[in-house]
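Two forms of the same protein chain are encoded below as structure tokens; each is given separately, as structure 1 and structure 2.
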Structure 1
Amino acid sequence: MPSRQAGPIGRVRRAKRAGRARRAGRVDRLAPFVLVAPAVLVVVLLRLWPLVLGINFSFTGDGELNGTAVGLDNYLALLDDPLFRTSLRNVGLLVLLLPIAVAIPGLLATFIHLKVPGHRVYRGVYFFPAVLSPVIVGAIFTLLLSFDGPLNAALGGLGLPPVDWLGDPDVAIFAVVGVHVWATFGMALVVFLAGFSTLDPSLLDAAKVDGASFVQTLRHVIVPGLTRTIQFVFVTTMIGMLTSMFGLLYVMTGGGPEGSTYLPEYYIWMQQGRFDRPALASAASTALFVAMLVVGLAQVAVLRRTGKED
């Protein structure tokens, strides 16, 4: 008699175990989504939703037309504004200067990784400017680069004529970008040093044994081994140039001389704060977002193609 009941009872137990296993499998599959849900919610509420609202607001009017749909009028007004066109030209200049802004921390990180004399001290010294406020950095370099400042005094001591670093429309943007690179390359330096920790040291040893020069080692070992890191630094450095120079511009040049140092973020602030044209500022913000997206994707595509060719 007990043997007859064992069959049905065993089947019930096996069915229960199978049901628990299926539930456990579903929980395991859902667990990652549950864990990332808070972060995704924060991004959607604080990033994506304001972005959508800003894009929508860019198609409305300012002043008496506040809240009224105006189509592409704001974007056409941007194209007719010489200051906005200047800011776009300066974005193109930043793209051209970007390889230099990436190469500086990359080379310094290489020297530190290769343990040049004093590399421990250099690691801290190079990162120090990154912790300074852009306003403080701008105030310091405004004094250093003034027409009667220490830099021109040093040039005079060498018999060279003074340079109007912040007053010459052809020079000012290069001066501000140079200060920005100096103030921020410490963070890229840390990223490069982290990338070096993933580089196989045996490759460097093999290059040294084969008698490879520093340039050959850099080209054939270090750059291919740090392709992912270089891509990341290229994109983040470009984003920083487009979105983190407001403090320097405000303190050092105020967008001048003759609007030559305007960048989109400074133009957006001027339209929003000084001229009370929030809809036009939203259109400029949207244009800046599109420009950053296009430049970032283009950089990644070019770097990936270069890495495959190497």
Structure 2
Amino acid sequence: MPSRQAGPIGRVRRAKRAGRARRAGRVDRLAPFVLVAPAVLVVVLLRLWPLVLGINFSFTGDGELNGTAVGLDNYLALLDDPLFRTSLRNVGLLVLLLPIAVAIPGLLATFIHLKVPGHRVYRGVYFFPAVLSPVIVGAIFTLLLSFDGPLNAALGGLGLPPVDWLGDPDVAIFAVVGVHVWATFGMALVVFLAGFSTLDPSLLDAAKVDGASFVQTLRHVIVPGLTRTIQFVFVTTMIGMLTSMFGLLYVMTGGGPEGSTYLPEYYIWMQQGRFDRPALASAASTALFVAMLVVGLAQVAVLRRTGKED
């Protein structure tokens, strides 16, 4: 072997090998950084850097003040704008309506799991709206809910006065949220059904033997057994409500009537696209980002806690 050779030739070979080893060591040290570089670059260049630019942009002015720093003016303008306040109030309303949006797929999944007659059909039918685009759903319900539409005709048949579902500012937001829940609960239903498959059937049998009513079974067996699933559905439904109602709003109400169905997303779009105020839109985006960050952190906390329970 070369290392045993004495003399100048051996020394040169040793030196060469040491050089190779050093180079190999350097490559070994650098390789991980090089290998993660594309991912890091994509995240930094395409996500974080635009985010920083956007936040920075939200501290500049619009129109004639384009490019000049205006401090917190945009944020003060947001707080002063009744439309933005309405959009935040509507976010609060969505949070309040969240338990209903979770309870509906939960209850329906329970019925399917308890094998009510026709449960196979219901499983498919309930999921069906989840594959429709919000634009199609919105267009269909705009027709159904229009003042001279079929729903009001049915009410009239029952001797009830018509309701201006999308034209009454006190009703419209509930109509849109209702349609959103109808269109998206199929996904939550599937998650619930998956949760049910982890539920120990012997517990349900035991409850049945003990003569528990449906409500008692639900309260003492099903809900405690599905805690983690319910938490997961809560978080995902909340995020869905905050980020994917734009299409429905755009088609069904356009933010109206009287601006009563504005959500932050819609507000941002209006400021940027209609009023040509990109910096104000950036400020609103930053505000929405902070709200989403809070929801996201809450999600992480919830998932971590449920992870510990395993």
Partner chain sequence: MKQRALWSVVLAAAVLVAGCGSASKSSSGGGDGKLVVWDWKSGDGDVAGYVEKAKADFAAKHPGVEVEFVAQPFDQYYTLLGAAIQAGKGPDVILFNGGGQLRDRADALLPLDEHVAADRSRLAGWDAFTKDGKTYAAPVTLQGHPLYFNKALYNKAGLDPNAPAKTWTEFVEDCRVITEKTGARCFAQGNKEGIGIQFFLSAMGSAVLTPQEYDSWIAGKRNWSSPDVKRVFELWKEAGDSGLNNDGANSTAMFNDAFAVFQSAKAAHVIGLVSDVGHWKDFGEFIDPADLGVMPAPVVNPAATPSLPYDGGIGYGVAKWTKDPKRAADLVRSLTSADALKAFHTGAGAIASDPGIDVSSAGPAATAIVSAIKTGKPALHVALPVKTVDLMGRLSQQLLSGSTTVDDVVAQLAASDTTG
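Owing to the predicted nature of the structure, the values given are computational and were not obtained by experimental measurement. Superpose the two forms; the largest set of C-alphas matching within 1.5 Å is the rigid core. For numbering, take structure 1's sequence and count from 1.
Only structure 2 matches the form predicted together with the partner chain. Put the two forms on the same core and the Cα of Asn56 is off by 2 Å or more between structure 1 and structure 2. Positional change of Val70 between structure 1 and structure 2 reaches 2 Å or more at the C-alpha, relative to the superposed core. Relative to the superposed core, Pro278 undergoes a Cα shift of 2 Å or more between structure 1 and structure 2. Per-residue C-alpha deviation between structure 1 and structure 2, core superposed: Leu41, 7.9 Å.
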